[in-house]
Ligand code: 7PJ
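The data below hold one chain only, encoded as structure tokens and taken in the form predicted alone.
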Amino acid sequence: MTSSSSSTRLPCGNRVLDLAQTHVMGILNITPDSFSDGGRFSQLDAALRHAESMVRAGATLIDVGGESTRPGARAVSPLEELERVAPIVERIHRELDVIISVDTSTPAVMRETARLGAGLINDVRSLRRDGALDAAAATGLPVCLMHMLGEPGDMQDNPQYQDVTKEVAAFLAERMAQCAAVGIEAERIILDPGFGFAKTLQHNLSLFKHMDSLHALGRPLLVGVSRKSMIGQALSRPVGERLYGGLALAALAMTKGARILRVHDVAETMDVVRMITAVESAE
């Protein structure tokens, strides 16, 4: 498997993530309209119990999101997003031994959740909202930059590329340059190709096939394809029947050098990671 960085230690608040190995990030949506589990974990106690179960199953990171980014999702105000996310970030930080990632594009949410114990900013908009670059820089936290064209409401209208992998790489390189301009050094950056965001099925499949070329950017890769429509379209499966396709993609992503797998099904994905690791570490 390919290494993406000369240094494998990524400081995440009061914890350190060792990217010499592949980690599983558990998804915790605090939203009423997520495509897969909308509303299930919007209550604080239910959200905390789910986070606990994912940590027990082996998740190294919990990705907390308060704004749905599914196609056609409605926008939420910064206050509404913060009211959803802040209490669970504070509880997880206090009660669980895990790195908290906050799935947000909102500067106020970045700043406040960093204060409450978040260790990573995961932004599907790659810090393109007004003030997001400065807010992320001020937190001192690592950031995950993801490729997306447009906004969730219109990103799937008619995405077009001449060469999807090259264009994704160019976009991510440009965002890294913008980060550098405000003092976010490359060593604090993780990259996400953005599967399912402004991409058709063929775009997603081609990008996945050639994903290892993104290692030329020199940063670790995060891959999030769990339960997504690319699996449904390729296999003709509804959301509730996409586990096996997702595990196949998790295994493929790991062999292509992905260092973080963002998933709903933590225990099953951990079996994939442990099995591949056992084989790769054998004499």
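Owing to the predicted nature of the structure, the values given are computational and were not obtained by experimental measurement. Residues carry their position along the shown sequence, with the first being 1.
Although it is not shown, the form predicted in complex with this ligand is what the next lines describe.
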Within 4.5 Å of this ligand in the model of the complex by heavy atoms, the stretch out of 87 to 95, 191 to 199, 163 to 171, 177 to 185 is 191 to 199
Taking any heavy atom pair closer than or equal to 4.5 Å as contact, tell me whether Arg219 reaches this ligand in the model of the complex. no
State yes or no: in the model of the complex, is some non-hydrogen atom of Ile100 no more than 4.5 angstroms from a non-hydrogen atom of this ligand? no
Could you tell me if Thr60 has a non-hydrogen atom within 4.5 Å of this ligand in the model of the complex? no
Interface membership of Val124, this ligand in the model of the complex, 4.5 Å heavy atom rule: yes
Within 4.5 Å of this ligand in the model of the complex, heavy atoms considered, which of Ala118, Val109, Cys144, Ala136? Cys144
For this ligand, considered in the model of the complex: do all three of Gly26, Arg259 and Thr269 come within 4.5 Å of it, counting heavy atoms only? no
Stretch 227 to 252 - residues with a heavy atom within 4.5 Å of this ligand in the model of the complex: Lys228
